[in-house]
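In the block that follows, a single chain appears as structure tokens, in the form predicted alone.
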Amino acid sequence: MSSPLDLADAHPGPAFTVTLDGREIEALPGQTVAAALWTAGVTSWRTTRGEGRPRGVFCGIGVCFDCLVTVNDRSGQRACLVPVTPGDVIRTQEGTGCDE
């Protein structure tokens, strides 16, 4: 079975490390935070305020705000739009992150 990189004939630069709640995650240049988390098998990184329901990527284009995450101490970042950079510190969050 081919990997998505093979299918797209993609040749990204070397992988680098970011962290999600202290756990090391490997990422590739050009990935968004959401893509790096998905690749690492993480599908949920936010919970709703009232009921604590898990959320991750829903629309993938920055419209729905389900994928909010804290990146380098900036809460409320849309993981589907934020490019991941080496050394990023990513944290899961509750709700919109405005009350952190």
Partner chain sequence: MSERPRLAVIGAGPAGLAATLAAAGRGVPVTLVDSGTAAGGQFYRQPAAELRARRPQALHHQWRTWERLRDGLHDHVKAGAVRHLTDHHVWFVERLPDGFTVHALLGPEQEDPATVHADAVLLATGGYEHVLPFPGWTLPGVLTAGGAQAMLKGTLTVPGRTAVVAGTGPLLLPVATGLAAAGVELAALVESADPRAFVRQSRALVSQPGKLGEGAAYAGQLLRRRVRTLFRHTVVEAHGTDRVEAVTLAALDADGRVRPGTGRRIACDTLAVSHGMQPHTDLAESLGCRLDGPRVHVDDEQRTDVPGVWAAGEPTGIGGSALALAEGHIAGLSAAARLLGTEADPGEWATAAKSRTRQREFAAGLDRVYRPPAHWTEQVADDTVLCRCEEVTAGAVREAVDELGAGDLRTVKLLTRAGMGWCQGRMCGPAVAGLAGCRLTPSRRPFARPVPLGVLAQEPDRPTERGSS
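Please read these numbers as outputs of a predicted model, since none were measured by experiment. Numbering follows the first chain given and starts at 1.
As for the form predicted in complex with its partner chain, it is not shown, yet the points below apply to it.
Task: Any non-hydrogen atom of residue 77 within 4.5 angstroms of its partner chain in the predicted complex - done: Looking in the predicted complex, residue contacts with its partner chain include residue 77, since a heavy atom lies within 4.5 Å.
- [ ] Could you confirm whether residue 22 comes within 4.5 Å of its partner chain in the predicted complex, counting heavy atoms only?
- [x] Because no heavy atom of residue 22 falls inside 4.5 Å of its partner chain in the predicted complex, the answer is no.
Open item on the list: Can you work out whether residue 15 and its partner chain are in contact in the predicted complex, taking contact to mean some heavy atom pair no more than 4.5 Å apart?
Closed with: Flag for residue 15 set to no.
Open item on the list: Can you tell me whether residue 83 touches its partner chain? I mean in the predicted complex, with a 4.5 angstroms heavy atom cut-off.
Closed with: Looking in the predicted complex, residue contacts with its partner chain include residue 83, since a heavy atom lies within 4.5 Å.
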